[in-house]
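In structure tokens, the next block holds one chain alone, the form predicted on its own.
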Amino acid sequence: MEKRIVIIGAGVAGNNVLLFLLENRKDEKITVLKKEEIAYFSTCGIMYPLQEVHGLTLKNLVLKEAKAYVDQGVDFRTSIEVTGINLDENSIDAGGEKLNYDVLVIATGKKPFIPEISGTELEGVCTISNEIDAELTEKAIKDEKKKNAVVIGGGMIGLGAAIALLNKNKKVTVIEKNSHLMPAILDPDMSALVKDRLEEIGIKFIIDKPATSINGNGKVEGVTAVDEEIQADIAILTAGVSPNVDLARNAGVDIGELGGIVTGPGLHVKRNGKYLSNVYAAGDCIEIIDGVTNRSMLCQMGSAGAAEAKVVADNTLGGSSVFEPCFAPTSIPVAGLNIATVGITSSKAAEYGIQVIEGKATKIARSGYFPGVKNITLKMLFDTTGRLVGAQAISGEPVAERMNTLMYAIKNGMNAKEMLYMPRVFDASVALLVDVTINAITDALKKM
């Protein structure tokens, strides 16, 4: 008898579960249910069309239409909403139909966090979460009648939106309630480098104050941040995202302290504290384990979702794969700067009682005889035993691969001296003989 696999959601996680299943399936019947119209849309790439990078449009982000999957024998349904899961009957309700499953995969993603302030319903208020949001936001950004914009939230998405607005000659103000920009991934001193760059190109900031209201009569006319009011025709809400777990919660699936679906090593879900052997979850809707703190975390990145998907697909087909603790490697371009981080920040370390020793250095990223060489600033965080627990890099040069290397150093528990004396590949076109990593480690060792 064929195994019936049902996947709810088709973002990065859901699509990659499907792709991995298709590579290895035998006689399984696979059904995928997606609320939106497009089968596979690259939400990770939304900022590139909004910023008009390389002439990209939102249409370029359509990776697959449903027909591509249907032609491979998949029952792929778009524009359909799942309204209920019955864990006792192994069934779901979708579009007025009851579907039975042998294995269920919940990949319902995330949803934008809407702050509890007045005016969020006004015309001109936008969010950036999926293809539908992106189209509405793009329309607002391109509206030449709109001259003033406020972005509420100074994280990765918010800063990307601010640049997109600036590129369309809007007057842009970013409101960030925390003491510095990108607080989830950067320490204040590293964040300051980003803020300086964005102020140079004309973006204004209100820091350490929350937005307290969006004002207007039917449409956005301004935004108030405590005691400051900013004129605005557009207000883009980028104050974070939340796991989309309503469907799972209503079914009785356990939800964790951070609001995500609780998962085990094999990414099974729990009900009343007990794992369900035939129900998995993956992607932005789940909680996983932080590799540094060993506590629950939300890692709402496409790279994590794709890795989780491989674990789910293997286990669905009878494997015994485990999703290992995550170190949240992150990379993002912002106004000509490449930002990459891994592990924990100083504030996260303090939250969990981890005392850190900082090492920091700035120097050219590669040999100076190459034209156009730019600086790189690297900050590394070590615990009191000398073990690496986090790193942050900012440069006009590529930095992502350095974070991949440092991620493995964290994962393997390497300490500062081991890293200092470890031979490295040297290529003058991409690094110095004595790389900035060595200088940052040396700086930290002086303080140990």
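Don't overthink the numbering: it's just position in the shown sequence, from 1. Computed from a prediction, not measured in an experiment: that's the story for all the values here.
What follows is about the form predicted together with a small molecule, which we do not show.
Stretch 39 to 47 is the answer when you ask which of 39 to 47, 60 to 68, 394 to 402, 412 to 420 has residues with heavy atoms within 4.5 Å of the small molecule in the model of the complex. Of the listed positions (Thr377, Gln300, Thr173, Asn90), a single one reaches within 4.5 angstroms of the small molecule by any non-hydrogen atom in the model of the complex, namely Gln300. Residue Ala107 is the only one of Val342, Val223, Val151, Ala107 with a heavy atom lying within 4.5 Å of the small molecule in the model of the complex. Taking the partner from the other structure, the small molecule in the model of the complex has no heavy atom within 4.5 Å of any heavy atom of Met407. Residue contact check for Ile80: one or more of its heavy atoms lie within 4.5 Å of the small molecule in the model of the complex.
Contact between Thr212 and the small molecule in the model of the complex is not found at the 4.5 Å heavy atom cutoff. Proximity of Arg387 to the small molecule in the model of the complex: non-hydrogen atoms within 4.5 Å are absent; the residue sits far from the partner.
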